[in-house]
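First, one chain by itself: the form predicted alone, in structure tokens.
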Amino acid sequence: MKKTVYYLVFLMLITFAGCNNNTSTTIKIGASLPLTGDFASYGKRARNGIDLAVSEINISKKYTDKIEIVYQDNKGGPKESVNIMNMFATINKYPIVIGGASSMETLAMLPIANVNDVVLISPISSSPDLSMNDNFFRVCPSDAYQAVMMANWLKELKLSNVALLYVNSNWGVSLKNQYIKNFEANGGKISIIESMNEGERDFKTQISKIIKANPEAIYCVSYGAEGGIILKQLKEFGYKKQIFGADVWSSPELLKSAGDAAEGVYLIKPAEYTGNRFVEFEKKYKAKYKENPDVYAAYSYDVAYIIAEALSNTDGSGKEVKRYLLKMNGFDGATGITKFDALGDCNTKQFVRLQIRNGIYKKL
């Protein structure tokens, strides 16, 4: 009888030890995104992409540890972003934070990330001002490349006298400056420069000045909601020349606020990868959310997988994750190959030219 009891206890100990060897740790990652407000569509699609990836990661045998994403709504504002980042970095002690969407959110969070050795990785923020920050990485291309592409496009179209209307935000000013540098280097002339405030809804004063300057075309660096209203007011003024917009004019807010005034507008946006991994991602995304994914959802999906790879190959600290990302050979994901340079920028992604026709973005 005693031998039987001892044998059963021995089996229980072996079983218990085996279970302990297979246990996994759940690592919490912060995510600061705009889930309400003017930029909510970006934040919600980013969350969709992240959640889809995490649901796959947490049942995959490839990754030992599970991931839990803790979301906070920064409402698209720098003040809220700072408060959230302080909580994530100093109270929660998260080694990695995903965010933000707009560049002004991310720029506000970066100093806190740098001081606390937290890796801040964004699927969307594109301002060149974010480069050369110690702990920052992004999977989307920098606006420095967008500016070059827009300047070259206008040169190809022989448009050398162009008006510029931009939003007075970190992102808007940075893209504006990069564009002017490249456009003028191509021999172009800025006929007039007008600015707007974020959230502004009446652009009649700026538009009247632009029309008076008689440019060959207008390049507008604004967010989607404002961009749609600008297009409607340009139509009310009877403006019929070519209009070009920045990448965020690919957002649903632009078409919603512009209506048929968006017809014929040109813009540049990050290219959507069309390889097998994107096709697989698109299929799963549609099945889960009953809608087509945009490129920012795909970027966010890849961000979650890149984080899982980093955690699996390091001790999980911010310093080691940063070191891993800088040396990462390249992650093959839904948006193609992601590889970071010494500045945390991803130079393996491209922009594409589009035109709005019958409410649909057509690649040129």
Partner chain sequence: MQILINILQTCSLYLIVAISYAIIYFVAKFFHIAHAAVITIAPYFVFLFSQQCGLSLFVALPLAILFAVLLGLITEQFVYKPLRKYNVQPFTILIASLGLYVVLQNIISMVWGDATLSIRVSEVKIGLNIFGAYITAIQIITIAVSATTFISSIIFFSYTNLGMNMRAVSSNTELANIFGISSNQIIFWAFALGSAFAAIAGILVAFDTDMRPTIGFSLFLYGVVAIIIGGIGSHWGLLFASLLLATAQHLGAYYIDSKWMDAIAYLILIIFLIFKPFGFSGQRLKKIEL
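Predicted model, so just to flag it, every value in this text is computed and none were measured. Positions refer to the first chain, counted from 1.
Although not depicted, the form predicted together with its partner chain is the subject of the following passage.
S.K.: Can you tell me if Lys235 lies within 4.5 angstroms of its partner chain in the predicted bound form, counting non-hydrogen atoms only?
M.R.: It does: once its partner chain is placed as it appears in the predicted bound form, Lys235 has a heavy atom within 4.5 Å of it.
S.K.: Would you please decide whether Ile229 lies within 4.5 angstroms of its partner chain in the predicted bound form, comparing each non-hydrogen atom pair?
M.R.: Yes - in the predicted bound form, heavy atoms of Ile229 and its partner chain come within 4.5 Å of each other.
S.K.: For Lys288, is any heavy atom within 4.5 Å of its partner chain in the predicted bound form, or not?
M.R.: Lys288 lies outside the contact set for its partner chain.
S.K.: Do Glu253 and its partner chain come within 4.5 Å of each other in the predicted bound form, heavy atoms counted?
M.R.: Because a heavy atom of Glu253 falls inside 4.5 Å of its partner chain in the predicted bound form, the answer is yes.
S.K.: Work out which of the listed stretches, 164 to 172, 78 to 86, 125 to 133, 98 to 106, brings a heavy atom within 4.5 angstroms of its partner chain in the predicted bound form.
M.R.: Heavy-atom contact with the partner occurs in 164 to 172.
S.K.: Just give me the single entry in Ala261, Leu267, Leu154, Ile218 that has a non-hydrogen atom within 4.5 angstroms of its partner chain in the predicted bound form.
M.R.: Selected option: Ala261.
S.K.: Give me the residue from Lys189, Lys283, Lys93, Arg201 that has a heavy atom within 4.5 Å of its partner chain in the predicted bound form.
M.R.: By the 4.5 Å heavy-atom cutoff, the listed residue in contact is Arg201.
S.K.: Counting only non-hydrogen atoms and a 4.5 Å threshold, tell me whether Ala31, Asp51 and Thr64 all contact its partner chain in the predicted bound form.
M.R.: No residue of the spot touches its partner chain in the predicted bound form.
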